[in-house]
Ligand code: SAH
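For reference, the chain that follows is the form predicted alone, supplied as structure tokens.
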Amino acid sequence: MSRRHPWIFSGAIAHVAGDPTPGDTVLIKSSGGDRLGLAAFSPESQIRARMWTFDPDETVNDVFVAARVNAAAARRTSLLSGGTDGARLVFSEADGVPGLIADRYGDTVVVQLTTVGAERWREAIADALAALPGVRTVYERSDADIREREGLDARVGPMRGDAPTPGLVVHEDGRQFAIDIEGGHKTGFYLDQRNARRAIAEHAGGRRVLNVFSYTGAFSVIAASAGAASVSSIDSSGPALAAATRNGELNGVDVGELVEGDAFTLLRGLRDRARQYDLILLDPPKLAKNEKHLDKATRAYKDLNLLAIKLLSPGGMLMTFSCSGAMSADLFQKVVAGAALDARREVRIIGRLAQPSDHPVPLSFPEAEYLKGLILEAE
């Protein structure tokens, strides 16, 4: 606790006084009896308590929670006035509101409540977000698997304001992308890949581009609008590829070839046909949900990167990512290095990518850093 880490695991707790219920605010004391702060209690989670504050004399109530939400949103003001109307307003522990994700798309805020502590203050959270300037709708997407580990059921639907706007789009750097907040991944869009989208715009011009795990095609749209020689997209979801076509239309570009199927199988087929690409974008879903899945995920990351590296043209580039928090940046680099070695290609790191500023990483909470990206160049 001296390092102000916000998580207290069950094994670190010697005694629980009284009978706190899920989501109750509890006083944390050291073994010597020192008062260390206040936390949300979660009896069904391995993370038994999540710190609200390290000041034991504060009061955690509606006013406290609303102030945390407002402060987090205020820190994104400059981002939302700089050519984009999409940003993560609240990033859970990184913004002092454990278990709350709040993403803004124009006049709509999409909320995920993932812990019993956040669930306890759901009304205060909804009211605070709805009161932000220009917000018309607060919509809940609390359907992540992590809620099960907290003993919570899934909840999806409007929290405040009007129903979601049909045809909702997010604007970013002069482009627009359709948002499906009711059925899309996460809250409807990968806001955390803003830095990658800007890097693609810089490097895609004149290149033959392969976008693997393309989802709704944001990378493909940017590559096409940046003047790529050709664009091919792979995803296992037909509806996602249809959305990619729609996103191309919104931006006045042809997103090129769309291929539905398993990425591993399709990449092997491209390898067997000796296809080559000048820029490959490899952004798989989270392959390691926790450390128990890390060994299997490591093998999958290596296979994917091995196949991608074999498909690179001489001088070709690979932008490869891991969004698995259980995989460190160091391990991810070692996995990709092993793939390059097996591919018998000389590959250099020419850049690194990470989550943007609206996904901050407190020095006391390195677990907030989950997105790793490498920009590689083959010989």
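When you see a residue number, it is the position in the sequence shown, counting from 1. Note that the structure is a prediction, hence the values are computed from the model and not measured.
The same protein also exists as the form predicted in complex with the ligand; that form is not shown, yet it is the one meant from here on.
Heavy atoms within 4.5 Å of the ligand in the model of the complex are found in one stretch of 76 to 84, 133 to 141, 190 to 198, 305 to 313, which is 190 to 198. Taking the partner from elsewhere, His185 is found to have a heavy atom lying within 4.5 Å of the ligand in the model of the complex.
Although the partner is absent here, Tyr277 lies well away from the ligand in the model of the complex, with no heavy atom inside 4.5 Å. The closest heavy atom approach of Tyr215 to the ligand in the model of the complex falls within 4.5 Å. The ligand is not shown here, and in the model of the complex it never comes within 4.5 Å of any heavy atom of Asp107.
In summary, among the residues Ala263, Ala124, Met159, Ala226, the only one with a non-hydrogen atom within 4.5 Å of the ligand in the model of the complex is Ala263. The contact with the ligand in the model of the complex, taken as any heavy atom within 4.5 Å, belongs to Asp283 out of Asp180, Asp283, Glu172, Glu150.
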